[in-house]
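Okay, so here's just one chain, in structure tokens, the form predicted on its own.
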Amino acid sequence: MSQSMLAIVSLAFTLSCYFLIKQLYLKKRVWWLAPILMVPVIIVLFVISLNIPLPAYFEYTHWLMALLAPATIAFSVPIYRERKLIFSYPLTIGFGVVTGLLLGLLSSWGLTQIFSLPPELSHSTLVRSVSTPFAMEATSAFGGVPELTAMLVLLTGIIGMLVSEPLFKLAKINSPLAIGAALGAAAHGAGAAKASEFGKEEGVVASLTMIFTGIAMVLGAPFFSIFLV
């Protein structure tokens, strides 16, 4: 099979896999079927089993990464749509943004100090707690590698999604606003998806917190890099 054909098959498989797993997850609602977890596993197995060279896989699928730019702009839609909620709970959302941003940065910096990590990995880790479009934009200020940052963001989201519910039960956190703000600030897109399982209000707050935290990271990255790099 030619490289162009492999590239077409890879793109078709990636898109089909995502939509099928997403539909299955919406029906079953079990954590291990979450697209953010299951789709990468299936794609890795697909690439390895068919021995597809990475240049062939990314020949057309790299356009999916290019969609991150318009996806970032599209974040303005929920901000406008949920403006009443923003004005109703400005302190909750604002505190969630500030707390999530600082704790995410400081915890990541702490990990780089505890473990002896290569500079590229260390710098890419710092922005792992914000959504992928914002993280890939902000990581350059810290000297990180965008592709490596995206992988760390994915891992952070998966872990946050998995541990959130047990932690909320352990800490006896029942407030929809607290649950939404915590998940949006700590686990970005995966956290927002998990928050939606708790309820509509939790999902909205998580989405807004995720967006504002990402914006704050992009704007503050040049300043934070002075102290953390």
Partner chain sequence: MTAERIKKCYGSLQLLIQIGLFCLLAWGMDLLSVYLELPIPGSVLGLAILLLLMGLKLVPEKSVKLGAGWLTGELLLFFIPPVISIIKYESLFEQYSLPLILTLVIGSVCVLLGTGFVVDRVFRFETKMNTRRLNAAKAIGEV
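Residue numbers count along the first chain shown, from 1. Every value quoted in this text rests on a predicted model; they were computed, and no experiment measured them.
The form predicted in complex with the partner chain is left out here; the points below concern that form.
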Inset, instruction - Indicate whether the partner chain has at least one heavy atom within 4.5 Å of a heavy atom of residue 9 in the predicted complex. - result: no
Inset, instruction - Report whether the minimum heavy atom distance between residue 36 and the partner chain in the predicted complex is within 4.5 Å. - result: yes
Inset, instruction - Spell out, yes or no, whether the shortest heavy atom distance between residue 135 and the partner chain in the predicted complex is within 4.5 Å. - result: no
Legend entry - Distance check, residue 141 to the partner chain in the predicted complex, heavy atom within 4.5 Å: no
Legend entry - Heavy atom within 4.5 Å of the partner chain in the predicted complex - qualifying residues of 47-62: 47, 48, 54, 57, 58, 61
